[in-house]
Every structure is written in C-alpha cells, then in structure tokens.
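A single chain comes next, written as structure tokens; it is the form predicted on its own.
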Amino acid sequence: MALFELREVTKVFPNGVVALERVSLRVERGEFLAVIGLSGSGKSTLLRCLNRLVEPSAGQVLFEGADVTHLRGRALRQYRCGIGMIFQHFNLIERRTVLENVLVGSLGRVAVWRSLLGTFPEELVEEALRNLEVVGLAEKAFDRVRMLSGGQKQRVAIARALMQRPHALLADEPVASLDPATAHSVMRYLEEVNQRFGMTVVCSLHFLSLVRRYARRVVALRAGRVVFEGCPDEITDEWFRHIYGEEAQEVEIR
C-alpha cells in the first residue's frame, strides 16, 4: 500500500490559474522521490496537496489507503502534524536559539502553556538535541539562528521537522537559494534521514545533477501535468528538453 496517493487531482486557484490538472501519483513508503519542473509547473502545489495545505479542486488525496481529501478541524491538524515540511526560506525565528527553533516542531505534542512559556519537558529537549546530532549541528544548539549560514539554517529546519516524528518529509525546493556545495550538504542530510530512518522524502528540485545523485524516482511536471515518471537515469537529453524547454541548458549547469 502506498504511503500517499493522488487520484486525478486538479487544483484551480481563485484567479483561474490551473496549478495541477488530473495528476495521479503514488508515493511508496521509504522512497526518495524528486519532483522536477520549471517554476510554476505545479511542484509546490503538489507537495501542499499531499499534506493538505492546499485544498484540491477535484480528485482524491489518500494516506495509507484512507481518503484524507475532506479532513477538517482537529483531524486535519493531526494529519498535518504527521508530515514534516521543509521550505526554501527556512521559516525559522532568527532571534531564538537553534534549540528553541527545533523544539517548535514538537508543539503538537505539548500543552499550550508550555509552548507559550518556552518550558519544554526534558525528554523533548533531549530529543531535539539528538535530532541536531542527526544534521550535524549539536554544537550549535545554543547559538542564535541569525548567526548561522543558509545551509546550517536549512539543516535546523530538517531537525525541527524531525521533532514532529513524521511519517514523511516534504521538502519544497530546499536548496534553491544555496550554492552548489552547500546544496549537496543539505541534500546529504535528507538522504541520511531517508536511509537511516527509512523515512519517505518527497523533494522538489530544479537541478538534474541533484536529482541523479539523490533521488530513487522522479516525477516531472509541466504546466500542471505529469510528463515523466521513472528512474533518474531514464531522463534522456530529449526528455530533459521536453520538461524544461528553452531553459534546459540553464537548469543543467548545477
């Protein structure tokens, strides 16, 4: 049974933009799936449909075989808590410490008063420190986030997502703003989480070199439609030009 499944999912935004058009996709438990395509092709919308941050206009979203398309209220919040999300621009609190930012990932599991006062149980603090060890930042636990590099901030975001004890990680262009060497560093930690914990990772990317190095399977979108699905080494030059058109050479550089 697939961990996620999209069945004929369409998303039309209020301004009339069709972000996804009848997309069907299975994401297997434990795989590392890359979603590629030009900006505006629907990558971010696809990821946000998986964790229900975006409401599909039509079709179904399934999780472990159960239809989660119409979850509301507490059930929807619980569902989202089980899926870690990593964003391009980190979404960290710059004035807080690294440890405090990581602990934010556990808010769904602590009393509201504790989160407001910033007093987390000792076992959660220990868990946060272990997750910082996973991403190689344990020694930075008490540094302010504003002191970190971009790559380090993204690794903090990964540790924060792990605090949710998620079934999967969804990474929305997590290395788009990073230089090539730092991008590989961040991708290696996502690979580590995937392989060490068997955690499903769905990652939207722009650069084919990263896809070929880290992904086990690739889905390509163009204008909201799936135009390719297969292994990274099956993306020929012809397929690549079909996916990216005139921008193929620029994307290939990295």
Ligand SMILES: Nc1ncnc2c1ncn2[C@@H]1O[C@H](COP(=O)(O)OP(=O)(O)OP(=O)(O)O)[C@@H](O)[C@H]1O
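Residue numbers here begin at 1 and follow the sequence given. The structure displayed is predicted, hence computed values, not measured ones.
What comes next is about the form predicted together with this ligand, which is not displayed.
Which of these stretches, 42-50, 212-220, 65-73, 188-196, has heavy atoms within 4.5 Å of this ligand in the predicted complex?
Single hit among the candidates: 42-50.
Tell me, which of L38, L208, V226, V27 has a heavy atom within 4.5 angstroms of this ligand in the predicted complex?
The option sitting close enough to the partner is L38.
Given that this ligand is not shown alongside this chain, does E173 nevertheless sit within 4.5 Å of it in the predicted complex, heavy atom to heavy atom?
Output for E173 is yes: heavy atoms within 4.5 Å of this ligand.
Hey, in the predicted complex, does C231 get a heavy atom within 4.5 angstroms of this ligand?
Although this ligand is absent here, C231 would stay clear of it in the predicted complex, with no heavy atoms inside 4.5 Å.
Considering only heavy atoms, tell me if W239 and this ligand come within 4.5 Å of each other in the predicted complex.
Judged by the heavy-atom cut-off of 4.5 Å, W239 is well away from this ligand in the predicted complex.
Is there a non-hydrogen atom of A19 within 4.5 angstroms of a non-hydrogen atom of this ligand in the predicted complex?
Flag for A19 set to yes.
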